[in-house]
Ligand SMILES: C[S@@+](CC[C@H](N)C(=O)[O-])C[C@H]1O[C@@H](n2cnc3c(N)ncnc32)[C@H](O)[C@@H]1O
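To begin, one chain is listed below as structure tokens, in the form predicted alone.
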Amino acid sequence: MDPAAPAVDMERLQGFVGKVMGDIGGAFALLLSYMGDQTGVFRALRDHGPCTVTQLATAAGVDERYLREWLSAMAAGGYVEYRPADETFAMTPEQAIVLAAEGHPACMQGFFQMVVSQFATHDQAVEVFRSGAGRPWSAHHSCCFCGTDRFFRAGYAASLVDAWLPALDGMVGRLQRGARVADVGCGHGSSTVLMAQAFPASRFVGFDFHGPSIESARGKAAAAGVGGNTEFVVASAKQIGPAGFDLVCMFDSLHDMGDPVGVARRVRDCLAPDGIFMLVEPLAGDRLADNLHVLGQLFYSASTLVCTPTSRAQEVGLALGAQAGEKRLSAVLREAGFTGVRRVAETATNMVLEARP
């Protein structure tokens, strides 16, 4: 052993090994949870209540032997309950919300789907990390797009209409009377549809550079009955228009842009003289030291795998990152020509900035 090497604290070593083992178990639990979601096992267990492996296999329509192994892993990980007295499995109300309550803000299946998509294309992630090249949004597995929409949709449903839009001075009244709104980087269109449902007198245009996402958005709008006051256009953020929008929104997408300053400048040019730019971004402090917690870990991880490579694949490639913080975001907006920038709302995962020309 090298005498110059630092001494190893065996207690700290074992503690860190324990943490890593827990993380490995969590990685397996995430994949198995995705399987339970896609096969309907979680929903069947929630609806059936305490049941044996045989009963659940019948209810969910899955193989009994694999299910026994799956349930054993889930019980060991604390994702379901095992009751030795009668050899049944069950879910607590809390587990049912996190694992099977579609649309609830605490349901994590969308996030699971996003992460599983990265496992599916890990070879690309390794090569991009090594080379420093960009990775276009379109190069990701389709589960990344679906999972992103699924995870963020619940948060938007909980806050967008009832909290974020009312935080913009006078905007709700304008929307009720009839306004022109652009949703830039709209993805599958969940945010656009939510606003269109709440304000039928207004007109909403969703823009995104990813064609398959726009097709999905059109389908969602039709299913929600808002096809008459929505439009979805395949276009980059710098191609939005025409000018005169009363409100331009961007939900968790500016940091993915290659040229966020140029995009924000285009937004400013497309606003009506009294228009408002509402920017929703992941919640973050201005310093790394402020973000060393589990939420920061999740967002920095997603940024490493998705957001930063997506930015680098575009012109300029600023690579703002998903934890830019209010100070950096405000600087981007001011460089783009916005003079009035203020933070108007926040949730456990997002901050909302209002910018005026």
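Residue indices: 1-based, along the sequence shown. On a predicted model such as this, the values are computed, not experimentally measured, just so you know.
Another form, the form predicted in complex with the ligand, is not on view; read the next lines as being about it.
At least one heavy atom of Asp256 is located within 4.5 Å of the ligand in the predicted complex.
None of the heavy atoms of Phe89 is located within 4.5 Å of the ligand in the predicted complex. Heavy atoms of Gln314 reach within 4.5 Å of the ligand in the predicted complex, making it an interface residue. Mapping the unseen interface onto this chain, Glu281 falls outside it, with no heavy atom inside 4.5 Å of the ligand in the predicted complex. Annotated contact segment (heavy atom within 4.5 Å of the ligand in the predicted complex): 234-242, selected among 234-242, 77-85, 171-179, 196-204.
Candidate site formed by Trp137, Asp149 and Asp252: every one of these residues places a non-hydrogen atom within 4.5 angstroms of the ligand in the predicted complex.
This chain is drawn without the ligand; in the predicted complex, the residue among Ile276, Leu99, Val267, Cys186 with a heavy atom within 4.5 Å of it is Cys186. Annotation for 186-211: interface residues with the ligand in the predicted complex are Cys186, Gly187, Asp208, Phe209, His210 [heavy atom within 4.5 Å].
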